[in-house]
Structures are given as structure tokens and as C-alpha cells.
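Only one chain comes next, encoded as C-alpha cells, the form predicted alone.
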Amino acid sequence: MTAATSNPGRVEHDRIEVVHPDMVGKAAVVTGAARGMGAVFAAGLAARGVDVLGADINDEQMTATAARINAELAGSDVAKPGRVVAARVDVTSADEHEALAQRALAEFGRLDFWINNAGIFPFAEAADISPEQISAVLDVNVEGVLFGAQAAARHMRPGGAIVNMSSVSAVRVRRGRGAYCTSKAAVAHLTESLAVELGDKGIRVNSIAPGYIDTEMTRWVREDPAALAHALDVVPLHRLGSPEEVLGPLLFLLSDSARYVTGHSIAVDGGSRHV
């Protein structure tokens, strides 16, 4: 259920009520979990009984986010919530991903899910993309996904699931986002490669491709009237999405409901990739 507000394109969204009993008692790592979609993912998983190691390069914000989620769950009607534990990670480091996996095992005794959510969203016209910018975006958005998947695969048992965050920018060109679009196209293809190879271990790998989702990373859309008008025009549903609406597909991909789904990208974009 949704209810429009006075802000153009914005919709207040009810909490996703779907429950997957098979997820209770399992453990997940979520990178980029201090804010935005990552924080929603951590909270949504914990509300469904999953223990979560939330990791972010901003360890102070991650600690505050974990404390907030745990306090909210303690005061809620959730019968058996999981707990969120904060950790710091630089996703450009393969060693720090391995340390995350080891921390999850030490905290929870198992590792079932890994969500490669951390990313950066730089802007530059194609002629102005610097060596430093393209290197940074590929390091975080692509190598960060690869290193996370490698660490997860070393410690997951058959039945584990990895979800990477791609973007509709993987298939649609956006002016000034050449480096970002390139990185997300790489994530989409890397997801397919990982699915083929990690299938030998019984591990599923999928990706989610969000469109215009109302988060801190896309604040520029809401703050620029022309950009907002364009977004509302090209999205067939004529509104921005919410992080909660990305959580639903994530839960599906991690759950037993998707146990024969691997190597796919689910677009959560209000239909904008078709326009």
C-alpha cells in the first residue's frame, strides 16, 4: 500500500510484510550498511531473524546504525529478531573482506548470505573522467564486489546466496555518469560469471538493478527540479522508488523461494529501463 505526499514523486511506503521462515537463524554480511539501502537491508534482515554483520568504511556511523536498529527491534513486536553487529571495511581490500567473513563466523557461527551493497556514484562528463576517478569507481564498485564474493565463497556452505548491487545504469547511458555506468555494467556481467563458477559449490549469485530510488545517494535528483521532472517523466510509475521496495526483491533472492534462481539481475526501477 502506498500513499502520496505533497512532495512531487515521493511516496510513503508501508513496511514490506513478507516473511521467509527459512531465513530465521541464518547470518548475513551487508557492506555499505551505515545508511541508505544498506541500512534498510540490515534492518529488514534482522527483523526476519537473520543475524547481520553490517560493515561500512564509516565505522562510527555504522556503530550508530547498528545500535539504532537493535534498539528498534527490541521495542518492536518482532518475536525473534536477529542482531546487527557493526564492523569497518574498506571494500577495495581483499584482506578486509576475508576479515569480515571470519568476523561473521566468530560472531554467528555461520555465513549464509552476503550482500555487496557498498558503492560510489561519481559525476564527470566523459571527456573529463580522470584516471583517479575511473580507478576509484572500479576499485569500489567492481573489485569490492569481486573481493566480497570471493570471501563469501570461501566460507559458505552449499545453499548460500550472494546478491550484488548493480543498477539500471548498467543498461542505460546517463550523461555525466560514464564511470559509474561502466562499473555497474561490469557488476552485472561479473554476477553472471560468479553464478556459473560458484554454482559448482552450490552457491547462488544474483544482482539487483535499482533505478531512481529515494536515498542519500540520489538526493541530487530531488534537489534539482529539472532532474526530478525528468525522472518522473521517464519512470512509467511516475514516482521515485523507496529502499523498502528494493528490500522485497533482496529477501526473495536470498530465500528458498529463489533456490533455483542464479545469474540473474532483477530491475527495481518502476519500468524506466524500457523508456
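Being a predicted model, the structure only gives us computed values, none of them experimental. In case it trips you up, residue 1 is the first one in the sequence shown, and so on.
FYI, the form predicted in complex with a small molecule isn't displayed, but the following is about it.
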So if I measure heavy atom distances to the small molecule in the model of the complex, which of the stretches 112-120, 194-202, 125-133, 152-160 falls within 4.5 Å? 112-120
Though only this chain appears here, would Arg239 touch the small molecule in the model of the complex if you measure heavy atom gaps against 4.5 Å? no
Quick one: does Thr215 come within 4.5 Å of the small molecule in the model of the complex, counting heavy atoms only? yes
Can you tell me if Gly36 lies within 4.5 angstroms of the small molecule in the model of the complex, counting non-hydrogen atoms only? yes
Can any non-hydrogen atom of Val89 be found within 4.5 angstroms of the small molecule in the model of the complex? yes
